[in-house]
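One chain follows as structure tokens, the form predicted on its own.
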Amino acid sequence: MAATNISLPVPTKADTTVLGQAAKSTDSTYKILYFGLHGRGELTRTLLAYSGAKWEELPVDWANQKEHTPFKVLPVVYETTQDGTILELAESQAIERYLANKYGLYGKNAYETHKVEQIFSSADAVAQAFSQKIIGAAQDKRVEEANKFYAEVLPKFIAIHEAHLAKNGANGHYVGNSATLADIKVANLIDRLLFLRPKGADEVPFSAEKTPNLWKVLEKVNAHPTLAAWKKTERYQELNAGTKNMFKF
């Protein structure tokens, strides 16, 4: 979705009390600005799709748009509320938490939110390690680094998370009996680890047989109708291709 001189939506200027009231909108529409790959925009796109929100992608002309974004990094999301207010949402994890809270995926009380955050933090640490150790590895070292990661890092993650899920009743959710950001974050992580396995590397150690509780989370998240529909789109396949091309997988 490359473009030239694409202007961005202009955020509404008002104090945070006014903007906070507008943010209560239950029928907002969204425009996301991010590159043609999954990366740091993936979970935001996933949450928008999962929630059934109305959203579209803005064409990217980063050289001209960068100076007009809050932190000079992507993604940025522009929310238009029911009354026409435009809210500018920035920084990937802040966007993810905002959307999760807005669409009832952030726990029903402060303690549940804390539990969601525990899982989010744990999964994010593994995602960052994967990015550094495997995506960031030299091409001729990727298989070696991937095999070490699968043998040394993932077993600890798997053991801990299988136990947390068992403690919650092995129902395919981390917190209570309904989906939260925790489930979606972990499902996103597993999807990426499976998708970005270097050619020639060992099998990624996630399966219905080896990791039944984690696999149930993955299946439940991916079976959600609006998310499943998003993953069948031509655009999603373009993002798959863009991701592999960018990181040379």
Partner chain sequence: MPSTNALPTVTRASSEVLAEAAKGTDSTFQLLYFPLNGRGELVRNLLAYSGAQWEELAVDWPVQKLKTPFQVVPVVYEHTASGLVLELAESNAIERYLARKYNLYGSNIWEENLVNQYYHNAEGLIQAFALRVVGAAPEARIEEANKFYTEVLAKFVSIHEEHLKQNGDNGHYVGNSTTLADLKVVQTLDRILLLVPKGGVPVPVSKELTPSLWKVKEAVEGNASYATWKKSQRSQDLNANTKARFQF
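Residue numbers count along the first chain shown, from 1. None of these values were measured; they are calculated from a predicted model.
Below, we refer to the form predicted together with the partner chain, which is not included among the displayed structures.
Checking Ser178, Asn109, Gln82, Gln139 against the partner chain in the model of the complex, a heavy atom within 4.5 Å turns up for just one residue: Asn109. Checking Asn171, Ser122, Ser131, Asn147 against the partner chain in the model of the complex, a heavy atom within 4.5 Å turns up for just one residue: Ser122. Figure note: of the listed segments 51-59, 178-186, 65-73, 193-201, the one touching the partner chain in the model of the complex, with heavy atoms no more than 4.5 Å away, is 65-73. Shown alone here, Leu89 lies within 4.5 Å of the partner chain in the model of the complex, counting heavy atoms only.
Heavy atoms of Gln237 never reach within 4.5 Å of the partner chain in the model of the complex, leaving it off the interface. Residue contact check for Ala151: none of its heavy atoms lie within 4.5 Å of the partner chain in the model of the complex. Remark: Ala166 does not count among the residues lining the partner chain in the model of the complex, judged by a heavy atom distance of 4.5 Å or less.
By the 4.5 Å heavy atom rule, the three marked residues Asn101, Lys156 and His161 all count as contacting the partner chain in the model of the complex.
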